[in-house]
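For reference, the chain that follows is the form predicted on its own, supplied as structure tokens.
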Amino acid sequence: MAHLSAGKPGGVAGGKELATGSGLRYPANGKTIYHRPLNRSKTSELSQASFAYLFSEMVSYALSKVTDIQDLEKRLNMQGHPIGLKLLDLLLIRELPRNQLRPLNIISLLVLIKEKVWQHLFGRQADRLEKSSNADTPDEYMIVDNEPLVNAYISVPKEMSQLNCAAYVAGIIEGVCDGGGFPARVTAHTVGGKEEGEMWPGKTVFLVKFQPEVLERGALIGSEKA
């Protein structure tokens, strides 16, 4: 197995970049993106064109590795999950010290996802946050996005009309929940109609179903406070 290792920077004096033995290049000051403080890149943005290209390539690659829609959505979910695991800590470290408070209950976690996570990822908040009205499913919550950005540049063929590429975002949400200590299963469901004149044809509901131990812990904390 080939192994690449970066040697010490070396090159022509006065140059803007320094070459290494492995062919990698470093800025003359030796600083890379990994040296940049996390809380100083808060306003950095990626153009929609770049995101659309990268995401479409991700979907195309995933499609080449699966045989049906369920497998494709599962693969997209798995690709988003590691991002969510790290995203909560990143958002907290960018806050002022007095505001670096981790969510302590389901509602505070979901509000953080609806507002700060969506703002960080898509430049706006999610459209709605709802709790299941079914008494048999107290562990289910719904985050609603009327126009998921990840679906804006994806052309889905008729034979795959049930595909929702927002499964990638569902994976990010699931990662945030897991990283915050609230394990859950998150799935993306298209609820917008395809009829002509439909205001939100791509409307998507992210169904968040928490594990039983999360509700048991919440009930225990609530009883202790009472």
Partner chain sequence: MTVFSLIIINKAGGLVFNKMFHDGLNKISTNDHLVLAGTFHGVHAITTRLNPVNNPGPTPSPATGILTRPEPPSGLEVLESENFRLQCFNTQTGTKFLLFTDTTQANVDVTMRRIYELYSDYVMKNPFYQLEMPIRCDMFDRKLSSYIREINNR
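Predicted model only: the values in this text are computed from it and were never measured. Positions refer to the first chain, counted from 1.
The same protein has a further form, the form predicted in complex with its partner chain, not shown here; the description that follows concerns it.
Judged against its partner chain in the model of the complex with a 4.5 angstroms heavy atom cut-off, the residues 59, 151 and 156 are in contact without exception.
Put simply, of 66, 160, 28, 191 only one has a heavy atom within 4.5 Å of its partner chain in the model of the complex, and it is 160. Contact between residue 177 and its partner chain in the model of the complex is not found at the 4.5 Å heavy atom cutoff. Contact annotation for residue 165: at least one heavy atom lies within 4.5 Å of its partner chain in the model of the complex.
The closest non-hydrogen atom of residue 181 lies beyond 4.5 Å of its partner chain in the model of the complex.
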